[in-house]
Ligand code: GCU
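Okay, so here's just one chain, in structure tokens, the form predicted alone.
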């Protein structure tokens, strides 16, 4: 059986079987589930999003009285993100977690959600994600053509700079530094704007790039910085808070529409609860990673916000072009300034 045929059979094969529990060995599995929904995830089982998705599946089973559960397939085992978007669209996979930059390939309307400076923090981000008045139409915009529904997603936390030599307190300190970025126009413009030299490179090559001096630094959140052990080769961490990333959870629209209304509503409510709780999990993980950074001798610099914030905001706005982009951006910013969305 080919991959696509195999994937199409996954929900059927899962019916009535044990739900994947807290780890790959199925410890703590939930039994008696009529339909097991497949969820594709790019992160490893050790990542907080994996455990959260497992809990989501368990809660879904309880909320639907065992009619639905979910199994998480980690490490891109069902395909890379670009591939899984199409597989969810086809109905071969029920759901998939994909990055904010990846969803832009399906629709540029999501661009304002991913620009520097649009979110103040992850609480602001989560308020927006749960506000149907702001994101409801956007999250349903892929349904007519692609049969994809965005349910929400997971925060990637605040992204910051880290470098091999010396603290970064100003744009002048960034001059000439080669900073690893994703292959994205947003990141290229941002690093250029704050004085660095953006250097696209595969994530798996960052450690050796820093070690060899091919890179002077990179940017990411605290969790990734510690779990990838980048502190060993870049011991200066600067709290620039230049972007708060997001991983979107996509679901097949036909799946949702084919559910009994009570089950569809239970799935959405269970997901909203899971998403909000993940924000608190991420805060705890960030605090723990920060402690580990200090224990390992990392120098953490908290520069004057005015050193980078105006450039970050300007970069974000410079990427927007369509009037609808500015309207969404303004609605998101208003949710921060108003304190509730």
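Note that the coordinates shown come from a computational prediction; the quantities given were computed from them, not determined experimentally. Positions refer to the first chain, counted from 1. Rigid core: the largest C-alpha set superposing within 1.5 Å between the two forms.
Keep in mind that the form predicted together with alpha-D-glucopyranuronic acid is missing from the display, and what follows is about it.
Checklist entry - 103-111, 175-183, 137-145, 256-264: which one contacts alpha-D-glucopyranuronic acid in the model of the complex at 4.5 Å, heavy atom to heavy atom? => result In short, 175-183.
Item to check | The unique member of 199, 224, 241, 89 whose heavy atoms fall within 4.5 Å of alpha-D-glucopyranuronic acid in the model of the complex | outcome: Among 199, 224, 241, 89, a heavy atom within 4.5 Å of alpha-D-glucopyranuronic acid in the model of the complex occurs only for 224.
Checklist entry - Considering alpha-D-glucopyranuronic acid in the model of the complex, which of 220, 270, 126, 149 comes within 4.5 Å of it through any heavy atom? => result Contact with alpha-D-glucopyranuronic acid in the model of the complex is made by 220 alone.
Item to check | alpha-D-glucopyranuronic acid contact in the model of the complex: residue 159, any heavy atom under 4.5 Å | outcome: Result yes; residue 159 sits at the interface with alpha-D-glucopyranuronic acid in the model of the complex.
Item to check | alpha-D-glucopyranuronic acid contact in the model of the complex: residue 247, any heavy atom under 4.5 Å | outcome: Answer yes; at least one heavy atom of residue 247 falls within 4.5 Å of alpha-D-glucopyranuronic acid in the model of the complex.
Checklist entry - Counting only non-hydrogen atoms and a 4.5 angstroms cut-off, does residue 43 reach alpha-D-glucopyranuronic acid in the model of the complex? => result Flag for residue 43 set to yes.
Checklist entry - Relative to alpha-D-glucopyranuronic acid in the model of the complex, which residues of 281-302 have a heavy atom no more than 4.5 Å away? => result Sequence-ordered list is empty.
Checklist entry - Taking the rigid core as reference, does the Cα of residue 94 move 2 Å or more between this form and the one not shown? => result Where the cores coincide, residue 94 shows only a C-alpha shift between this form and the one not shown that is less than 2 Å.
Next on the checklist: Does residue 125 shift between this form and the one not shown by 2 angstroms or more at the C-alpha, the core having been superposed?
Outcome noted: The answer is no, as the C-alpha of residue 125 shifts between this form and the one not shown by less than 2 Å after core alignment.
Checklist entry - Would you say residue 150 moves its Cα by 2 Å or more between this form and the one not shown, aligning on the core? => result Comparing forms between this form and the one not shown, the residue 150 CA shifts below 2 Å.
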